[in-house]
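Heads up, the chain below is alone and in the form predicted alone; it's given as structure tokens.
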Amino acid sequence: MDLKDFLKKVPIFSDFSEEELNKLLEIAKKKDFKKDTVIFQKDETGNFFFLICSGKIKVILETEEGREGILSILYPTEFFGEMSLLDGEPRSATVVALEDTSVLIINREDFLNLLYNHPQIALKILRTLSLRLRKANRQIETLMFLDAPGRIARVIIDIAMERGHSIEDGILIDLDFTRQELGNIVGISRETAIRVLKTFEDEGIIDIKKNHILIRDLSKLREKIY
């Protein structure tokens, strides 16, 4: 991967000139993590900003009983770890590689200098944080007010809106995490997640393939939320 070409595709660095991209590469270091590696733990001191080059990660919280709640799943060109660098507090969640993942890391001092010299980055990061807060509010609403079918329906629709592909038969989405992880996102068991998906399939709302879901009837899927 040509890192400079990659950085040109990253929204928060899209305004950078060639010279600025070269300077960014001077302070960024590439690091690889194997699948299931813990990148950092909740309550650790935050010293680095992370930008995903390839692979994907999950941001999680764990209960004392060891149950896992997934706050978000992030993909290439997305970033994480910025909150501790901005507020000086410990990490607010644990981050784990969902597959073999490569990241660029920038240490705290260089990251803060970057924001000082390029305030447009700060504005783009704030916009991303605002979107994540809205998404978190939706997750809270989902957990508080929706039953299991409504929770699963909302997650599928959210994925479709973010990364779905319109094809002749409907909307195709990658289901690139397990049924267990899907259940962890919405606070239900793996068995319940499987049962709900099977019901949706029996009703002709979706088709389930190995790593994909085809939404055949988006309006009926939306009805599950209301």
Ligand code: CMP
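As the structure is a computational prediction, the values presented were derived from the model and not from experiment. In this text, residue numbers run from 1 along the sequence as written.
The next section is about a form of this same protein that is not shown, the form predicted in complex with adenosine-3',5'-cyclic-monophosphate (CMP).
Residue heavy atoms within 4.5 Å of adenosine-3',5'-cyclic-monophosphate (CMP) in the model of the complex occur in exactly one stretch of 161-169, 66-74, 195-203, 31-39, and that stretch is 66-74. At the 4.5 Å threshold, heavy atoms of I188 stay clear of adenosine-3',5'-cyclic-monophosphate (CMP) in the model of the complex, well away from it. Using a 4.5 angstroms threshold between heavy atoms, S84 counts as touching adenosine-3',5'-cyclic-monophosphate (CMP) in the model of the complex. With a 4.5 Å cutoff on heavy atoms, N113 does not count as touching adenosine-3',5'-cyclic-monophosphate (CMP) in the model of the complex; it lies far away. Shown alone here, A93 lies within 4.5 Å of adenosine-3',5'-cyclic-monophosphate (CMP) in the model of the complex, counting heavy atoms only. Shown without its partner, this chain lists L182, I157, V59, C53 as candidates; in the model of the complex, only V59 has a non-hydrogen atom within 4.5 angstroms of adenosine-3',5'-cyclic-monophosphate (CMP).
Although adenosine-3',5'-cyclic-monophosphate (CMP) is not shown here, in the model of the complex the stretch 204-221 places no heavy atom of any residue within 4.5 Å of it.
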